[in-house]
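Only one chain comes next, encoded as structure tokens, the form predicted alone.
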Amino acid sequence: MTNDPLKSALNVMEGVDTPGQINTELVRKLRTRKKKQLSVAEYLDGIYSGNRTVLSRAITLVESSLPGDQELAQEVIAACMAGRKGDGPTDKRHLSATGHRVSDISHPVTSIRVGITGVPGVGKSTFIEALGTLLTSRGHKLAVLAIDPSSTRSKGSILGDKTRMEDLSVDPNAFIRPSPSAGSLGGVARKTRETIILCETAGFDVIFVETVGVGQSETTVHGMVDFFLLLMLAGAGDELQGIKRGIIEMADAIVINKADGDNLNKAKAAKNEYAHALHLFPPSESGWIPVVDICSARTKMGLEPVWKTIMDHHETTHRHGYFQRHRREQNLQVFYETIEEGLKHHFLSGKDIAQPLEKIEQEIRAGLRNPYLAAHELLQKFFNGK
């Protein structure tokens, strides 16, 4: 046996350093490279021309909480609304990058906004894709805005609607945009309304707004659409106990989904139950009588009648003048919600409030402060400027 390490079979040769899994140089470049911010005119040109990239950037701008982005977003929204016939006088301050005035490229307000809700598992995504592909095959341009639930703990959201709508996500006449609720339905309501305006300006004539299907979201979405559709399942117990009375009262149509195979007869029975129940509710202000129907998004059965119901409602509300009146009432709601949100942001971001706020929160959690008195004290401090 030799003691020479160079001749030993156990000698370990120096290897090559394994490169890291993360390209640090690329990360550095991505962090330092700042995407050029577009002007209002450039946003308008891109949106009016149907540029999906610019539309997506405009929606991201709307969803941003940065003060600078919010200011620019409001200019873009104002310019879009000013260029829409039927939405008030045209604002001639904004010129597009090509030199055209907004008034020269205005679009009439002819879109149909449809809210779609239902309990988890009812098949909302499958239904939206099935009905959506039917509409795009007929030349409609469809935008799907899905309010995705955010975790109250991590603030993250799944945003998986594009993966669930495989055919619609690659359809050139469809645009899918999931939006995280971030735990604030008030905030997402305003941003979703602004996203609707952007999509309509881009030429989308049908807008689907899908809710998370739980709690207050139905009421929120009902306040921003023209037609509210409630998807239900049959054979899941007492049909009428499965949903709240308030949601049924909001529905312009109740559709029993998954009416296929052995479930078809159950769906027909559930249809009769809902139809009888709807007769107990007072007539709606629009004069529309809610419709109950069945369909199968999987087999595409019953989708034609659903769309016919939506179009019948559209024609009825236009004929009675309810359509425009309802949209203006929604604008009034936007007015008050924007004031409330702005006041809350201004209050919480104030220096005199933000500094003691964390300490007060800790004292309330520890049971050392009365939450009502603490809130009253902060409000008094805010209004008195002390």
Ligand code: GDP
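What you see is a predicted model; the values in this text were computed from it and never measured. From 1 onward, residues are counted along the sequence shown.
There is another form of this protein, the form predicted together with the ligand, and it is not shown here; the text below is about that form.
Colleague: Go through 138-146, 125-133, 192-200, 72-80 and give me the stretch that gets within 4.5 Å of the ligand in the predicted bound form, heavy atoms only.
Modeller: That would be 125-133.
Colleague: Please state whether all three residues 111, 223 and 226 have a non-hydrogen atom within 4.5 angstroms of the ligand in the predicted bound form.
Modeller: No, the candidate spot makes no contact with the ligand.
Colleague: Quick one: does residue 289 come within 4.5 Å of the ligand in the predicted bound form, counting heavy atoms only?
Modeller: Flag for residue 289 set to no.
Colleague: Does residue 311 make contact with the ligand in the predicted bound form, using a 4.5 Å heavy atom cut-off?
Modeller: No - in the predicted bound form, heavy atoms of residue 311 and the ligand never come within 4.5 Å of each other.
Colleague: May I ask you to check whether residue 119 falls inside a 4.5 Å heavy atom distance of the ligand in the predicted bound form?
Modeller: Yes, residue 119 is a contact residue.
Colleague: Taking heavy atoms and a 4.5 Å cut-off, does residue 268 contact the ligand in the predicted bound form?
Modeller: The answer is no: residue 268 has no heavy atom within 4.5 Å of the ligand.
Colleague: State the residue from 179, 296, 217, 173 whose non-hydrogen atoms include one within 4.5 Å of the ligand in the predicted bound form.
Modeller: Checking each option against the ligand in the predicted bound form, the one that comes within 4.5 Å is 296.
Colleague: Which pick from 249, 167, 260, 304 sits with a heavy atom within 4.5 Å of the ligand in the predicted bound form?
Modeller: Comparing distances to the ligand in the predicted bound form, the residue within 4.5 Å is 260.
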